[in-house]
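Given as C-alpha coordinates, the chain that follows is alone and in the form predicted on its own.
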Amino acid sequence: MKGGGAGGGASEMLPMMDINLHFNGDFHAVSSAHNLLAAMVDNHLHHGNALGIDSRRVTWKRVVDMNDRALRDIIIGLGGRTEGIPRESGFDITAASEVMAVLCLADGIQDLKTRLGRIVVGYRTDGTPVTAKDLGAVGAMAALLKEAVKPNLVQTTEGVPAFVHGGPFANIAHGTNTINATKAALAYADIVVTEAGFAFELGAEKFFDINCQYGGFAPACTVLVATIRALKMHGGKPLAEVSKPDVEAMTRGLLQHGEAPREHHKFGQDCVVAINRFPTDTAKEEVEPQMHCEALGLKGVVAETFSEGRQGLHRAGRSRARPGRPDRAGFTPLYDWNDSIENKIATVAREMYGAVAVDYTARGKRDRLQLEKAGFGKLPVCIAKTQQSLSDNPALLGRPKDFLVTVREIQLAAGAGFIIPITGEILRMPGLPKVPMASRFDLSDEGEVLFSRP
(Lines give C-alpha, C1' and ligand atoms only; values in the text may rest on other atoms or scores of the structure.)
Protein backbone atom coordinates (compact mmCIF):
# COMPACT_ATOMS: atom_id res chain seq x y z
CA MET A 1 0.00 0.00 0.00
CA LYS A 2 2.76 2.44 0.90
CA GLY A 3 6.35 2.86 -0.16
CA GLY A 4 9.00 5.52 -0.04
CA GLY A 5 8.05 6.93 -3.42
CA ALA A 6 11.60 6.54 -4.76
CA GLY A 7 10.84 3.88 -7.37
CA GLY A 8 12.24 0.38 -7.53
CA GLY A 9 14.01 -2.25 -9.58
CA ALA A 10 15.94 -0.78 -12.51
CA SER A 11 14.26 2.59 -12.04
CA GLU A 12 14.80 4.14 -8.64
CA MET A 13 16.33 7.25 -7.14
CA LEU A 14 19.59 7.25 -5.25
CA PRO A 15 20.46 7.35 -2.42
CA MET A 16 17.14 5.58 -1.80
CA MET A 17 17.75 4.68 1.85
CA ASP A 18 18.70 8.26 2.70
CA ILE A 19 15.67 9.62 0.84
CA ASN A 20 13.39 7.28 2.80
CA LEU A 21 14.95 8.23 6.15
CA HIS A 22 16.09 11.68 7.31
CA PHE A 23 17.28 13.04 3.92
CA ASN A 24 18.95 16.40 4.57
CA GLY A 25 16.70 17.13 7.54
CA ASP A 26 13.96 18.89 5.55
CA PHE A 27 11.16 17.13 7.42
CA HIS A 28 12.82 17.89 10.75
CA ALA A 29 13.05 21.56 9.78
CA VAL A 30 9.34 21.62 8.93
CA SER A 31 8.54 19.88 12.23
CA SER A 32 10.66 22.40 14.15
CA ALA A 33 9.10 25.43 12.46
CA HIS A 34 5.60 24.05 13.00
CA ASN A 35 6.19 23.14 16.65
CA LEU A 36 7.88 26.48 17.36
CA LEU A 37 4.64 28.17 16.36
CA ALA A 38 2.67 25.76 18.56
CA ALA A 39 4.95 26.53 21.52
CA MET A 40 4.55 30.28 20.93
CA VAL A 41 0.76 29.92 20.94
CA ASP A 42 0.78 28.19 24.34
CA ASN A 43 3.43 30.55 25.66
CA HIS A 44 1.23 33.49 24.65
CA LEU A 45 -1.75 31.97 26.47
CA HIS A 46 0.40 31.41 29.56
CA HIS A 47 1.76 34.96 29.68
CA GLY A 48 -1.48 36.90 29.76
CA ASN A 49 -2.98 36.29 26.29
CA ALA A 50 -2.72 39.87 25.01
CA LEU A 51 -4.20 38.84 21.64
CA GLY A 52 -7.35 37.50 23.31
CA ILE A 53 -7.06 33.99 21.83
CA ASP A 54 -9.92 31.72 22.81
CA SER A 55 -8.10 28.67 24.22
CA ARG A 56 -11.05 26.51 23.15
CA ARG A 57 -10.60 27.61 19.53
CA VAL A 58 -6.88 27.05 19.03
CA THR A 59 -6.60 25.13 15.74
CA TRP A 60 -2.81 24.74 15.55
CA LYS A 61 -1.71 21.31 16.76
CA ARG A 62 1.80 19.88 16.93
CA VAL A 63 3.41 17.52 14.40
CA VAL A 64 5.81 14.57 14.42
CA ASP A 65 7.17 12.60 11.47
CA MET A 66 5.88 9.27 12.74
CA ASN A 67 2.69 7.26 12.34
CA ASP A 68 1.41 7.28 15.93
CA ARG A 69 -2.34 6.95 16.48
CA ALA A 70 -1.94 7.45 20.26
CA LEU A 71 -1.12 11.13 19.65
CA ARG A 72 -4.19 12.03 17.58
CA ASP A 73 -6.08 13.52 20.54
CA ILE A 74 -4.34 14.59 23.74
CA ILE A 75 -4.68 17.04 26.64
CA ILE A 76 -1.78 19.43 27.20
CA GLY A 77 -0.87 21.91 29.94
CA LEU A 78 -1.47 19.57 32.90
CA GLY A 79 0.62 19.77 36.05
CA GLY A 80 -0.34 23.04 37.67
CA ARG A 81 -0.32 26.77 36.95
CA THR A 82 3.35 26.86 35.93
CA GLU A 83 2.81 24.29 33.16
CA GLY A 84 0.53 26.31 30.87
CA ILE A 85 -3.18 26.39 30.11
CA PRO A 86 -4.81 22.92 30.05
CA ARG A 87 -6.63 22.34 26.78
CA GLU A 88 -7.38 19.67 24.18
CA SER A 89 -4.93 19.31 21.32
CA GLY A 90 -3.16 16.59 19.35
CA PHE A 91 -0.49 15.71 16.80
CA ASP A 92 -0.61 15.47 13.01
CA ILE A 93 2.03 13.77 10.89
CA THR A 94 4.63 16.22 9.54
CA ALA A 95 3.52 15.67 5.93
CA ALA A 96 0.08 17.03 6.92
CA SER A 97 1.56 20.23 8.39
CA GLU A 98 0.48 23.45 6.74
CA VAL A 99 4.12 24.52 6.98
CA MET A 100 4.94 21.67 4.58
CA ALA A 101 2.30 22.90 2.13
CA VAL A 102 3.64 26.45 2.50
CA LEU A 103 7.17 25.24 1.76
CA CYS A 104 5.95 23.49 -1.37
CA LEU A 105 3.89 26.37 -2.75
CA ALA A 106 6.20 29.25 -1.81
CA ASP A 107 7.97 30.94 -4.72
CA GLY A 108 11.12 32.14 -2.98
CA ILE A 109 11.94 33.29 0.55
CA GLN A 110 9.84 36.46 0.47
CA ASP A 111 6.76 34.51 -0.57
CA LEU A 112 7.59 31.86 2.06
CA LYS A 113 7.53 34.48 4.82
CA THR A 114 4.30 36.02 3.50
CA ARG A 115 2.60 32.62 3.52
CA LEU A 116 3.94 31.72 6.98
CA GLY A 117 2.56 35.01 8.29
CA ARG A 118 -0.94 34.19 6.99
CA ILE A 119 -1.16 30.88 8.90
CA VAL A 120 -4.21 30.96 11.20
CA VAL A 121 -3.48 29.39 14.61
CA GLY A 122 -6.86 30.01 16.23
CA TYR A 123 -9.64 32.50 16.85
CA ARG A 124 -10.59 35.15 19.36
CA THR A 125 -13.90 35.02 21.20
CA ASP A 126 -15.37 37.38 18.59
CA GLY A 127 -14.45 34.94 15.82
CA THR A 128 -11.59 36.93 14.26
CA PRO A 129 -8.51 34.87 13.30
CA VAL A 130 -5.10 35.04 14.98
CA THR A 131 -2.10 34.47 12.71
CA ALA A 132 1.55 33.52 13.00
CA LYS A 133 2.38 37.11 12.08
CA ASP A 134 0.31 38.35 15.05
CA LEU A 135 2.46 36.17 17.33
CA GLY A 136 5.74 37.44 15.85
CA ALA A 137 6.75 33.92 14.82
CA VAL A 138 7.47 34.40 11.11
CA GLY A 139 11.15 35.35 11.25
CA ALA A 140 12.15 32.43 13.46
CA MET A 141 10.07 29.95 11.45
CA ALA A 142 11.70 31.13 8.22
CA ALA A 143 15.15 30.85 9.81
CA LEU A 144 14.47 27.23 10.72
CA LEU A 145 13.50 26.60 7.07
CA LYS A 146 16.63 28.30 5.68
CA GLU A 147 18.13 25.10 4.25
CA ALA A 148 14.84 23.30 3.66
CA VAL A 149 13.77 25.82 0.99
CA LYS A 150 16.62 24.64 -1.26
CA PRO A 151 15.69 21.83 -3.71
CA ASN A 152 17.50 18.51 -3.18
CA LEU A 153 19.22 17.18 -6.30
CA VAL A 154 19.57 13.40 -6.59
CA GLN A 155 19.80 10.98 -9.52
CA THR A 156 18.27 7.78 -10.79
CA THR A 157 20.13 4.50 -11.07
CA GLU A 158 20.82 5.49 -14.70
CA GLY A 159 22.21 8.92 -13.86
CA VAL A 160 19.15 11.00 -14.71
CA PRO A 161 18.93 14.11 -12.47
CA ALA A 162 15.88 14.42 -10.23
CA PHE A 163 14.69 16.76 -7.50
CA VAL A 164 13.20 15.34 -4.30
CA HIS A 165 11.83 18.29 -2.40
CA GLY A 166 8.90 18.56 -0.03
CA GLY A 167 6.28 16.01 0.92
CA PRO A 168 2.77 17.45 1.32
CA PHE A 169 0.18 14.89 2.43
CA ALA A 170 -1.63 13.97 -0.78
CA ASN A 171 -4.99 13.69 1.01
CA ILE A 172 -4.90 16.76 3.24
CA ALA A 173 -2.68 18.91 1.01
CA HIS A 174 -1.88 18.93 -2.70
CA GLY A 175 0.57 16.02 -2.91
CA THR A 176 3.11 17.60 -5.28
CA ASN A 177 6.76 18.62 -4.96
CA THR A 178 7.82 22.24 -4.47
CA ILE A 179 7.34 25.03 -6.96
CA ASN A 180 11.00 25.93 -6.36
CA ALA A 181 12.14 22.46 -7.49
CA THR A 182 9.95 22.50 -10.60
CA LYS A 183 11.22 25.94 -11.62
CA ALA A 184 14.82 24.85 -11.02
CA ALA A 185 14.26 21.78 -13.22
CA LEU A 186 12.65 23.87 -15.97
CA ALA A 187 15.68 26.17 -15.95
CA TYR A 188 18.01 23.29 -16.78
CA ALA A 189 16.02 20.76 -18.82
CA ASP A 190 13.97 20.71 -22.01
CA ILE A 191 11.46 18.25 -20.54
CA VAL A 192 10.46 18.05 -16.88
CA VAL A 193 8.29 15.25 -15.52
CA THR A 194 6.62 15.73 -12.14
CA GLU A 195 4.44 13.41 -10.08
CA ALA A 196 1.02 14.28 -8.68
CA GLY A 197 0.32 11.78 -5.91
CA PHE A 198 -2.83 9.76 -5.21
CA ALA A 199 -4.76 9.07 -8.40
CA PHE A 200 -6.02 11.36 -11.14
CA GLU A 201 -9.10 12.70 -9.37
CA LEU A 202 -6.98 13.72 -6.37
CA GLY A 203 -3.35 14.30 -7.35
CA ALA A 204 -3.82 15.53 -10.91
CA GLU A 205 -6.79 17.76 -10.08
CA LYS A 206 -4.91 19.43 -7.21
CA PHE A 207 -1.78 19.77 -9.31
CA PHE A 208 -3.67 21.44 -12.16
CA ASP A 209 -5.97 23.63 -10.05
CA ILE A 210 -3.59 24.63 -7.22
CA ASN A 211 0.07 23.97 -7.96
CA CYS A 212 0.00 25.06 -11.60
CA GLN A 213 -1.98 28.17 -10.75
CA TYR A 214 0.41 29.32 -8.03
CA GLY A 215 3.51 28.30 -9.99
CA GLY A 216 2.38 29.65 -13.34
CA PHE A 217 2.82 26.25 -15.01
CA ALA A 218 1.02 25.00 -18.13
CA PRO A 219 1.63 21.24 -18.54
CA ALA A 220 2.15 19.96 -22.07
CA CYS A 221 1.05 16.36 -21.60
CA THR A 222 -0.37 14.02 -18.95
CA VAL A 223 0.82 10.48 -18.40
CA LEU A 224 -1.83 8.42 -16.63
CA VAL A 225 -0.14 5.47 -14.91
CA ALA A 226 -2.30 2.38 -14.42
CA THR A 227 -1.65 -1.15 -13.17
CA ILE A 228 -3.38 -4.37 -14.18
CA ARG A 229 -3.34 -5.42 -10.51
CA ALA A 230 -5.48 -2.39 -9.60
CA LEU A 231 -7.88 -3.04 -12.49
CA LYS A 232 -8.37 -6.60 -11.25
CA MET A 233 -9.10 -5.34 -7.74
CA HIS A 234 -11.68 -2.89 -9.09
CA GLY A 235 -13.11 -5.76 -11.11
CA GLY A 236 -13.90 -7.62 -7.88
CA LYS A 237 -10.79 -9.74 -7.31
CA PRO A 238 -9.68 -9.86 -3.64
CA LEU A 239 -6.60 -7.77 -2.91
CA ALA A 240 -4.66 -10.84 -1.79
CA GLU A 241 -5.19 -12.46 -5.21
CA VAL A 242 -4.51 -9.59 -7.63
CA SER A 243 -1.15 -11.10 -8.62
CA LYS A 244 -2.92 -14.14 -10.08
CA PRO A 245 -3.91 -14.02 -13.78
CA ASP A 246 -7.58 -13.15 -14.29
CA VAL A 247 -8.51 -11.55 -17.60
CA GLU A 248 -12.23 -11.45 -16.74
CA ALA A 249 -11.70 -9.49 -13.50
CA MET A 250 -9.28 -7.16 -15.22
CA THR A 251 -11.75 -6.55 -18.04
CA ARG A 252 -14.55 -5.81 -15.55
CA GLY A 253 -12.31 -3.27 -13.81
CA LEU A 254 -11.40 -1.77 -17.15
CA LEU A 255 -15.04 -1.34 -18.13
CA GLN A 256 -15.82 0.12 -14.70
CA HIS A 257 -13.20 2.81 -15.29
CA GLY A 258 -13.99 3.17 -18.96
CA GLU A 259 -14.55 6.90 -18.80
CA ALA A 260 -11.74 7.73 -16.38
CA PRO A 261 -9.01 8.37 -18.98
CA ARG A 262 -11.22 10.96 -20.67
CA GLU A 263 -10.98 13.24 -17.64
CA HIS A 264 -7.75 14.77 -18.98
CA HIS A 265 -9.81 16.53 -21.66
CA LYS A 266 -11.34 18.70 -18.94
CA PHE A 267 -7.90 20.29 -18.49
CA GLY A 268 -7.11 20.54 -22.21
CA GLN A 269 -4.44 17.85 -21.93
CA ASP A 270 -2.96 15.31 -24.30
CA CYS A 271 -2.81 11.98 -22.50
CA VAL A 272 -0.79 8.77 -22.68
CA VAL A 273 -1.83 5.78 -20.56
CA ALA A 274 1.24 3.95 -19.25
CA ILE A 275 0.43 0.42 -18.04
CA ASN A 276 2.96 -0.17 -15.26
CA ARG A 277 3.96 -3.78 -15.83
CA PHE A 278 4.35 -6.19 -12.93
CA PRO A 279 6.16 -9.54 -13.32
CA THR A 280 2.86 -11.35 -12.64
CA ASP A 281 1.04 -9.66 -15.54
CA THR A 282 0.32 -11.86 -18.55
CA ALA A 283 0.50 -10.87 -22.21
CA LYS A 284 -3.25 -11.39 -22.62
CA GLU A 285 -3.97 -9.10 -19.68
CA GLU A 286 -1.79 -6.38 -21.22
CA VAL A 287 -3.53 -6.43 -24.61
CA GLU A 288 -7.01 -5.56 -23.29
CA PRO A 289 -6.13 -2.18 -21.69
CA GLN A 290 -4.23 -1.10 -24.79
CA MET A 291 -7.18 -1.97 -27.05
CA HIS A 292 -9.55 -0.18 -24.67
CA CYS A 293 -7.40 2.97 -24.78
CA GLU A 294 -7.35 2.87 -28.56
CA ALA A 295 -11.16 2.70 -28.58
CA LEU A 296 -11.22 5.86 -26.46
CA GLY A 297 -8.83 7.64 -28.81
CA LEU A 298 -5.90 7.38 -26.41
CA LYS A 299 -2.52 5.76 -26.70
CA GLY A 300 -1.98 2.93 -24.23
CA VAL A 301 1.53 1.54 -23.85
CA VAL A 302 3.19 -0.96 -21.52
CA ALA A 303 5.82 0.64 -19.28
CA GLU A 304 8.51 -1.77 -18.11
CA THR A 305 10.63 0.63 -16.09
CA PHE A 306 10.94 -1.71 -13.11
CA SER A 307 12.63 -4.42 -15.15
CA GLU A 308 14.22 -2.41 -17.98
CA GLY A 309 14.75 1.13 -16.64
CA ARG A 310 14.53 3.96 -19.14
CA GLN A 311 14.54 1.54 -22.07
CA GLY A 312 11.26 0.17 -20.78
CA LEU A 313 9.69 3.63 -20.90
CA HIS A 314 10.81 4.74 -24.36
CA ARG A 315 7.60 3.50 -25.97
CA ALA A 316 5.53 5.67 -23.63
CA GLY A 317 7.83 8.65 -24.16
CA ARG A 318 7.37 8.45 -27.93
CA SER A 319 3.61 7.94 -27.77
CA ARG A 320 2.18 11.39 -27.35
CA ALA A 321 -1.48 11.63 -28.32
CA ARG A 322 -0.70 14.33 -30.90
CA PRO A 323 2.58 14.50 -32.79
CA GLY A 324 4.75 17.60 -32.90
CA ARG A 325 5.55 20.28 -30.38
CA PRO A 326 3.41 20.36 -27.19
CA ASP A 327 0.70 23.03 -27.17
CA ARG A 328 0.61 24.47 -23.65
CA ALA A 329 -2.00 27.05 -24.64
CA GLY A 330 -4.71 24.41 -24.33
CA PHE A 331 -4.25 23.92 -20.57
CA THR A 332 -7.41 24.88 -18.68
CA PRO A 333 -8.09 24.66 -14.91
CA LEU A 334 -11.30 22.94 -13.84
CA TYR A 335 -12.88 25.90 -12.05
CA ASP A 336 -12.55 29.63 -11.40
CA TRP A 337 -11.16 30.51 -7.96
CA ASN A 338 -13.62 33.42 -7.81
CA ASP A 339 -16.57 31.05 -7.80
CA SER A 340 -18.28 30.25 -4.48
CA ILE A 341 -16.87 27.53 -2.20
CA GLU A 342 -20.04 25.49 -2.72
CA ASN A 343 -19.77 25.63 -6.53
CA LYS A 344 -16.05 24.82 -6.54
CA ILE A 345 -16.57 21.72 -4.39
CA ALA A 346 -19.57 20.66 -6.49
CA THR A 347 -17.59 21.06 -9.72
CA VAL A 348 -14.75 18.82 -8.53
CA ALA A 349 -17.16 16.23 -7.06
CA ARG A 350 -19.24 16.10 -10.23
CA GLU A 351 -16.54 16.35 -12.91
CA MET A 352 -13.76 14.34 -11.24
CA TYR A 353 -15.50 11.84 -8.95
CA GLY A 354 -18.78 11.36 -10.81
CA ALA A 355 -20.95 12.33 -7.81
CA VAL A 356 -24.55 13.40 -8.36
CA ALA A 357 -24.45 15.96 -5.54
CA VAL A 358 -22.58 17.17 -2.46
CA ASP A 359 -24.10 16.91 0.99
CA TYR A 360 -22.94 18.84 4.05
CA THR A 361 -23.07 18.02 7.72
CA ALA A 362 -24.17 20.84 10.00
CA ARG A 363 -20.54 21.56 10.82
CA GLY A 364 -19.53 21.46 7.15
CA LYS A 365 -22.22 23.97 6.23
CA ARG A 366 -21.26 26.21 9.16
CA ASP A 367 -17.57 26.08 8.21
CA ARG A 368 -18.36 27.03 4.62
CA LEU A 369 -20.42 30.04 5.61
CA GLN A 370 -17.86 31.21 8.18
CA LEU A 371 -14.98 30.94 5.73
CA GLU A 372 -16.80 32.98 3.12
CA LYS A 373 -17.79 35.56 5.73
CA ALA A 374 -14.16 35.83 6.87
CA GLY A 375 -13.00 36.53 3.31
CA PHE A 376 -11.49 33.14 2.42
CA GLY A 377 -14.09 32.20 -0.19
CA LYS A 378 -11.85 32.94 -3.19
CA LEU A 379 -9.22 30.34 -2.27
CA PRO A 380 -8.98 27.09 -4.27
CA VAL A 381 -10.37 23.91 -2.73
CA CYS A 382 -8.08 21.02 -1.80
CA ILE A 383 -10.56 18.21 -1.12
CA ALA A 384 -9.49 15.49 1.32
CA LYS A 385 -10.85 12.16 0.08
CA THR A 386 -9.88 8.50 0.10
CA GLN A 387 -7.62 7.42 -2.77
CA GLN A 388 -9.12 3.91 -2.77
CA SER A 389 -12.37 4.88 -4.47
CA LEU A 390 -13.65 7.54 -6.83
CA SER A 391 -16.26 8.20 -4.14
CA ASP A 392 -15.60 9.24 -0.54
CA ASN A 393 -16.26 5.65 0.59
CA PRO A 394 -13.19 3.37 0.21
CA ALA A 395 -15.44 0.29 -0.01
CA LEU A 396 -17.08 1.47 -3.27
CA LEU A 397 -14.74 0.06 -5.90
CA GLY A 398 -15.02 0.24 -9.66
CA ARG A 399 -16.96 3.20 -11.04
CA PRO A 400 -19.62 4.09 -8.43
CA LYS A 401 -22.83 5.66 -9.72
CA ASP A 402 -25.49 7.90 -8.16
CA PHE A 403 -23.53 8.61 -4.97
CA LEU A 404 -23.28 11.66 -2.74
CA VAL A 405 -20.05 13.19 -1.47
CA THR A 406 -20.46 14.30 2.14
CA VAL A 407 -18.41 17.23 3.43
CA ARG A 408 -18.21 16.82 7.20
CA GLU A 409 -16.01 19.87 7.89
CA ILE A 410 -13.90 22.43 6.06
CA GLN A 411 -10.47 23.38 7.38
CA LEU A 412 -8.55 26.53 6.51
CA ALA A 413 -4.95 26.62 5.28
CA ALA A 414 -4.65 30.37 4.78
CA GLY A 415 -0.86 30.29 4.65
CA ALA A 416 -0.70 27.57 2.01
CA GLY A 417 -3.51 29.33 0.19
CA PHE A 418 -6.34 26.81 0.02
CA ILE A 419 -9.26 25.46 2.01
CA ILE A 420 -9.65 21.77 2.82
CA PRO A 421 -13.12 20.18 2.62
CA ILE A 422 -12.90 16.93 4.60
CA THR A 423 -14.87 13.98 3.22
CA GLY A 424 -15.13 10.50 4.70
CA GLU A 425 -12.83 9.32 7.49
CA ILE A 426 -9.62 11.09 6.53
CA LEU A 427 -6.95 11.12 9.25
CA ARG A 428 -4.16 13.66 9.64
CA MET A 429 -2.24 11.19 11.81
CA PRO A 430 -2.02 7.66 10.36
CA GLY A 431 -1.41 4.59 12.50
CA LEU A 432 1.08 1.77 12.03
CA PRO A 433 -0.16 -1.56 10.61
CA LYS A 434 -0.22 -4.77 12.65
CA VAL A 435 3.24 -5.68 11.35
CA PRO A 436 5.06 -2.34 10.95
CA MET A 437 7.70 -1.86 8.28
CA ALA A 438 10.02 -0.91 11.15
CA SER A 439 10.38 -4.60 12.02
CA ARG A 440 12.33 -5.15 8.76
CA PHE A 441 15.05 -2.57 9.40
CA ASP A 442 18.40 -2.97 11.11
CA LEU A 443 21.84 -1.35 11.32
CA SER A 444 24.92 -3.43 10.56
CA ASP A 445 28.10 -3.35 12.64
CA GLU A 446 29.66 -1.35 9.81
CA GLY A 447 26.95 1.33 10.04
CA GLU A 448 24.94 0.34 6.96
CA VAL A 449 21.14 0.47 7.08
CA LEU A 450 19.70 -2.94 6.24
CA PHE A 451 16.20 -3.76 5.01
CA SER A 452 14.81 -7.27 4.69
CA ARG A 453 12.13 -7.73 2.05
CA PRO A 454 9.16 -10.03 2.80
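C-alpha atoms forming the largest set that superposes within 1.5 Å between two forms make up the rigid core. Quick caveat, the model's predicted, so the values are computed rather than measured. So that there is no doubt, residue numbering starts at 1 and follows the sequence shown.
Absent from the display: the form predicted together with another copy of the chain. The rest refers to it.
Of 63-71, 381-389, 415-423, 394-402, which is the one stretch near another copy of the chain in the predicted complex, taking non-hydrogen atoms within 4.5 angstroms as near?
In short, 63-71.
Check each of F200, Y360, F208, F91 and return the one that places a heavy atom within 4.5 angstroms of another copy of the chain in the predicted complex.
The residue in contact is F91.
Would you mind picking the one in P86, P333, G309, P151 that has a heavy atom within 4.5 Å of another copy of the chain in the predicted complex?
Among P86, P333, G309, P151, a heavy atom within 4.5 Å of another copy of the chain in the predicted complex occurs only for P86.
Tell me, yes or no, whether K284 is in contact with another copy of the chain in the predicted complex, where a contact means a heavy atom of each within 4.5 Å.
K284 lies outside the contact set for another copy of the chain.
Indicate whether another copy of the chain has at least one heavy atom within 4.5 Å of a heavy atom of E12 in the predicted complex.
Heavy-atom contact with another copy of the chain at 4.5 Å: absent for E12.
Given that the partner is absent here, does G80 sit within 4.5 Å of another copy of the chain in the predicted complex, heavy atoms only?
Judged by the heavy-atom cut-off of 4.5 Å, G80 is in contact with another copy of the chain in the predicted complex.
Looking in the predicted complex, any heavy atom of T114 within 4.5 Å of another copy of the chain?
Result no; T114 lies far from another copy of the chain in the predicted complex.
Go through 369-389 residue by residue and record those having a heavy atom within 4.5 Å of another copy of the chain in the predicted complex; state none if no residue qualifies.
Going through 369-389 in order - heavy atoms within 4.5 Å of another copy of the chain in the predicted complex - there is one hit, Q370.
Would you say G25 moves between the shown form and the other one, meaning its CA shifts by 2 Å or more once the core is fitted?
Moves: no, less than 2 Å.
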